[in-house]
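Next up: just one chain, as structure tokens, the form predicted on its own.
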Amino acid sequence: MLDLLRSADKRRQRALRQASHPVMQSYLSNPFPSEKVDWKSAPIISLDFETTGLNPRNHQLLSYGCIEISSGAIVFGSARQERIRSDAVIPESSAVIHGITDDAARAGRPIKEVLPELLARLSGKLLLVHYKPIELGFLDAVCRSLYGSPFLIPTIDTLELAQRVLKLRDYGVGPNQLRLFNLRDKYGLPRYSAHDSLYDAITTAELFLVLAAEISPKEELRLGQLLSR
């Protein structure tokens, strides 16, 4: 309970003191953005994973895509996508969704090479995702496996924000209404290829800008008002 009462940055400082691996020490060395600032002044990175399944304990990462938001705008020049090596047999049910075959997965770089670069991109930033258990769950699992440390980062979840906006508007929330691409269509956002890690990261970023404007169209919106708890 006491840990829940600590600010995110206090927990970061404690994790930094306990971290033994240089990659985690480097990642944790940069302070998290303050919850008190306007969100437009905070560095944000939208991230999406494609995986062999939904359970971080049993499944593997196949790719990540990310893009940054700076001063309230998407920085398209910051876009990055990386295929991650997996020697596991890709389940047919998974390959049908993201289109990553066994051969394509084996052509990626090992997670031990990819993860330090991704953590360097995330260090000192705010994480933006759609349905946080996937990205946070897999990042925590691989950080514990490779570095012996948990993964910490303040996070905005567009699924939670969309649910909040729809409830404010007294809309009923159906079981599929909060899916990323259903929300994309609802708000008239550009159509990209489904289940591609980079395109999903871009869609998440675009959706976030729309939702932030709906939550507070005129007044300053503090970062703490958007963070997932």
Partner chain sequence: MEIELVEIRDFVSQHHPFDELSIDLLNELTGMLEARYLRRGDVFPPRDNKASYLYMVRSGAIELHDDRNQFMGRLGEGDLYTRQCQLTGSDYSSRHTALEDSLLYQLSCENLKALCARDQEFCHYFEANPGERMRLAATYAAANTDIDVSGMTIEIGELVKRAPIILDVGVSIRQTAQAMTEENVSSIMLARDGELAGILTDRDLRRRCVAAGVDFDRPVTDIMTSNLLTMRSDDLVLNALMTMTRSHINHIPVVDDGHVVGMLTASDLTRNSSANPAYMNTEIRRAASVDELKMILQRLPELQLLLANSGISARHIGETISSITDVLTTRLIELAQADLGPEPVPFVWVCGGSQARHEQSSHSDQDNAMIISDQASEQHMPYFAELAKRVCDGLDACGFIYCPGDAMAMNEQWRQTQSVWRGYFREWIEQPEPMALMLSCIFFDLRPVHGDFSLHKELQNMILELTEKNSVFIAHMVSNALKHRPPIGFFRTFVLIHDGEHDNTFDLKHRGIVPITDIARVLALAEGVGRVNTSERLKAIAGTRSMSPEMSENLLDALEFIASLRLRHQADQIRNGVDSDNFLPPDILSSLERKHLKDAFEVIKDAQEALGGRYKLS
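Residue numbers count along the first chain shown, from 1. The model shown is predicted, which means the values in this text are computed figures rather than measured ones.
Keep in mind that the form predicted together with its partner chain is not shown, yet the notes after this line are about it.
- Its partner chain is not drawn, but in the predicted complex it has no heavy atom within 4.5 Å of R164.
- Contact check for A19: every heavy atom lies farther than 4.5 Å from its partner chain in the predicted complex.
- Using a 4.5 angstroms limit between non-hydrogen atoms, D157 is distant from its partner chain in the predicted complex.
- At the 4.5 Å threshold, heavy atoms of I202 reach its partner chain in the predicted complex.
- Of the residues given (V75, I134, A120, L146), V75 alone sits with a heavy atom within 4.5 Å of its partner chain in the predicted complex.
- Annotation for 179-194: interface residues with its partner chain in the predicted complex are G188, L189, P190, R191, Y192, S193, A194 [heavy atom within 4.5 Å].
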